[in-house]
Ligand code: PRT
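One chain comes next, on its own, written as structure tokens: the form predicted alone.
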């Protein structure tokens, strides 16, 4: 019987979509029937469990799943003895305090003695304790935003991405107390065979995620400026330089970080670079 690594993934939502797309980009084939709760990959020893996000840490901790992809907020809230294998960096959000429009907020101290509704009582309790603030925390499993308007709470602490839901419920975000991204978590008791499968999977995932941070660029530039060009663009090792028919010009190929791309482009133009071609990188391994 083939050993398979079992991965727990959120059944639906943006985190699920991004997680599954990354796995597809790794060349791993699997179905797309949203009604399935479990399935196997066709060409890689991987089995999927599709779960609620707050169930994933418990399933991994109990050994039902070997690894899982979940928001760091769920990992920290449940505080289970799990290993963070990778911070995947996507699905960024923040846990923020929000109050009614007319609430006078001057800092966390404004919450002293107040009623705060949240789905993340452990994270909130820790933050308040660090600030030496005592408040009454009400754990709510859903629809946290409605609690101030029905008199259940004076303020809330909830995940925020755009803030549109807060505004529609007469609330305003006043302070972010915690930031979250998607993480891959793992059971600490994986067998050697499953760890080898995990290493193969991580090799692929790292190549996909790393490619997102870089652009591949090609351009022609006067040969006399080559030293200046090399100083600007650098490269993973060094740029690739190819002579052209006109001996006074060369063609250059390299990769640059996405965050630096526009600055690099402007500097290359000042050195007379022409025919600049920019393309996305699908995968990138060391």
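Residue numbers count along the first chain shown, from 1. These numbers come from a predicted model, not from an experiment.
Absent from the display: the form predicted together with phosphoribosyl ATP. The rest refers to it.
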Let me test this: is every residue among 58, 83 and 191 within 4.5 Å of phosphoribosyl ATP in the model of the complex, going by heavy atom positions?
no
Exactly one listed stretch (195-203, 101-109, 147-155, 163-171) reaches within 4.5 angstroms of phosphoribosyl ATP in the model of the complex by non-hydrogen atoms, and it is 163-171
- Task: Tell me, yes or no, whether residue 15 is in contact with phosphoribosyl ATP in the model of the complex, where a contact means a heavy atom of each within 4.5 Å.
- Result: yes
Given that the partner is absent here, does residue 180 sit within 4.5 Å of phosphoribosyl ATP in the model of the complex, heavy atoms only?
-> yes
(Q) With the partner left out here, check for me: in the model of the complex, does some heavy atom of residue 186 sit within 4.5 Å of phosphoribosyl ATP? (A) no
Should residue 118 be classed as touching phosphoribosyl ATP in the model of the complex when contacts are defined as heavy atoms within 4.5 Å?
no
Heavy atom within 4.5 Å of phosphoribosyl ATP in the model of the complex, from candidates 135, 159, 88, 211, belongs to 159
In this chain shown alone, the residue from 224, 52, 29, 38 with a heavy atom within 4.5 Å of phosphoribosyl ATP in the model of the complex is 52
Residues in 61-84 that come within 4.5 Å of phosphoribosyl ATP in the model of the complex by at least one heavy atom, in order, are 71, 73, 74
